[in-house]
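Shown here is one chain on its own, the form predicted on its own, set out as structure tokens.
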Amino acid sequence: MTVRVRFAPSPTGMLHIGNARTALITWLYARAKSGHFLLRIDDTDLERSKKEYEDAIEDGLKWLGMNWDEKARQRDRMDHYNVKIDQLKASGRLYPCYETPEELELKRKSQLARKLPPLYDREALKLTDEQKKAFEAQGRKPHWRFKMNHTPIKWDDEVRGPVHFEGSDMSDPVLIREDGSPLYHLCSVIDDIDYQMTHVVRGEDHVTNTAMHVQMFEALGAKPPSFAHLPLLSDAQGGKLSKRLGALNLKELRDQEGLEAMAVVSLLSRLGTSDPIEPFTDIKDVIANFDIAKFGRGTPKFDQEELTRLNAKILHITPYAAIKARLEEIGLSELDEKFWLTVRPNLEKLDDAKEWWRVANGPVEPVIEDAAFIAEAAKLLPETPWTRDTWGVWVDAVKVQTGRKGKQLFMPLRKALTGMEHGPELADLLLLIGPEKTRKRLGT
């Protein structure tokens, strides 16, 4: 059996970090099993769905290194949904209801007041044809509910293990609005059947929906796929994601935060698993190590600081050949391999390379707090040509001449040469700055 999975975003907003995780895990599931990955755009909400969001979703997936084998849009399938809707109506599994929102709210409050679960009471099933006509004569249009069978609903979840619901404990869900438009639940089930989905990976907030969907699959004469419900992300303290983090989208991570795609992939692919978080530079290695059985039921903590640290680790091991094109994109086409290997241990984000390029090439405002010491050090600069040993030869001479050592020897030289208190090894950085700029910064 070929594994067939789907990622089904609604183009009503940007692809945020939680949905990106679901997309990535679904994609990894397919690729690890040499399966088929469908990108399905759930755009039945015609008013809120926007082409710009669809494009952004696709761009985000591509940025993470994800491709798809097939793409579909729900808005192109409305006629087919109507055929299946008629089938469910004919079988009695979809039935019309005429209560207004106000009437339904009164029923709900009454049930809660009596400490009863707020389940629909199925009064609409008792309506006669004459009563239905009378409602319609008043201008009421029905919404349609799916009639749940009062039988056990069970499946063996690939993350949660055995799951059990009782149909009698569940309210008949509304599947068609008063305006005749179908809700997500019905369209999703029909699509999963038609596109022969074998597995569905989704967040644990859909577990109850899945129980309803299982009966919808059966009502349409299909076997339900296998399910894997992932725990939702929390913040670093274990609480609900803040609005800012919860809405953090891939475009912001790429364009505003300046993060590497593989940092996002490395973190999201391991959050919630038994494996340690580690930096990957090739998505093929992520696929090779993927196993959905490693995901547990515990709530994974998303820490943006951890993502930044992971980003730095990835840059620190990225070879020049793999980053050259990216450097050109950010205006550093002249930055060569020697420069990259010198500065990459000090990078947190790729844009940081711009700062070290400036430090090496100028302009730099030297920080000189002891002019006499710097002047003495300048006199002791070795003759050219310089090698990596030049720094050691120089500071040894300055140490002998001035009696300084340790931080009091190195820090004034670093601040005079770079204007900064930290940075790459000065043995390497001195060669990037070169003799001419070094003497100028030392005031000679």
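The shown structure was predicted, so the numbers you read here are calculated from the model rather than taken from an experiment. Residue numbers here begin at 1 and follow the sequence given.
What comes next is about the form predicted in complex with a small molecule, which does not appear here.
Between the small molecule and the residues Lys294, Lys324, Lys107, His206, the one pair within 4.5 Å by heavy atoms in the predicted bound form involves His206. None of Gln215, Asn249, Ser269, Ser188 but one reaches within 4.5 angstroms of the small molecule in the predicted bound form through a heavy atom, and that residue is Ser188. With the small molecule omitted here, the record of contacts in the predicted bound form names 37-45 of 412-420, 372-380, 37-45, 399-407, defined by a heavy atom within 4.5 Å. In the predicted bound form, at least one heavy atom of Tyr184 sits within 4.5 Å of a heavy atom of the small molecule. Not displayed here, the small molecule is approached by Arg202 to within 4.5 Å at the level of heavy atoms in the predicted bound form. Although the partner is absent here, Gly18 lies well away from the small molecule in the predicted bound form, with no heavy atom inside 4.5 Å. Under a 4.5 angstroms non-hydrogen atom cutoff, the small molecule in the predicted bound form has Pro9 among its neighbouring residues.
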